[in-house]
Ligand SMILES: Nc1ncnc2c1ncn2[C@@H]1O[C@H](COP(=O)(O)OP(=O)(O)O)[C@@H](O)[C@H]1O
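Presented below, as structure tokens, is a lone chain in the form predicted alone.
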């Protein structure tokens, strides 16, 4: 099982879209068993894969908030919540694509679990209990390093950092890298590595984006950080799919954006073959 977190300290960089599309392509076109975990209280990844009506049904009975010990409180339960009860299988009728949906209550995760021992490792412990042997676990993280993304980093083998090639979205990259190094020193069971930087929402005809991509590639090479060659273009065809609670892979399968994600997945898989 390979666990990858998509994270950036800046929001609006295509993090959720990337997690959803890459997970869907891995399952539908490469026949992998994939679990997507939505750790962002905004629930965007969740509502990209199930309808609001479906989420209303499951939100009080089985979400990532329950997995992490919220709602009733992990310390007050005689029996720990079973992570398998939160898994929605074959979302969007894609065989092998499963989802653990998010919950708005994740906003209060740090407060609810402030005194819980080992609170950064709850997700790691829970994932060991899944009944299905997943090939990939894809985690969509919020744009911060509070307790939820800390759980993601502890359980992850790798992170992928989506970056829009503009000045402000790229500013948080050094901060993220430094915070991850600090977290690894503080938590001995955190062994996550940066798999690479991916460029998203790229305007191909904009000199600013081209200049920023070239600049960031050089800086990352100097720091020993891989930068994916595949870039994801800015396209409305990707965002249109969200309104249908489906990946763009299903709604606009031949769009430039989806084709770019297909190429990205091939590059991603090649990274693992070379290891």
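Positions refer to the first chain, counted from 1. All values derive from a computational prediction rather than experimental measurement.
Note that the form predicted in complex with the ligand isn't included here; everything after this is about it.
Does the ligand come within 4.5 Å of any heavy atom of residue 50 in the predicted complex?
Flag for residue 50 set to no.
Residue 238, heavy atom within 4.5 angstroms of the ligand in the predicted complex:
Flag for residue 238 set to yes.
With a cut-off of 4.5 Å between heavy atoms, is residue 234 one of the residues that contacts the ligand in the predicted complex?
Yes - in the predicted complex, heavy atoms of residue 234 and the ligand come within 4.5 Å of each other.
Flag residue 201 as yes or no: does it have a non-hydrogen atom within 4.5 angstroms of any non-hydrogen atom of the ligand in the predicted complex?
Contact check for residue 201: yes, within 4.5 Å of the ligand in the predicted complex.
Tell me, which of 220, 44, 230, 245 has a heavy atom within 4.5 angstroms of the ligand in the predicted complex?
Answer to the contact question: 44.
Residues within 4.5 Å of the ligand in the predicted complex, restricted to 12 to 49 and counted by heavy atom:
Going through 12 to 49 in order - heavy atoms within 4.5 Å of the ligand in the predicted complex - the hits are 12, 13, 14, 15, 16, 17, 44.
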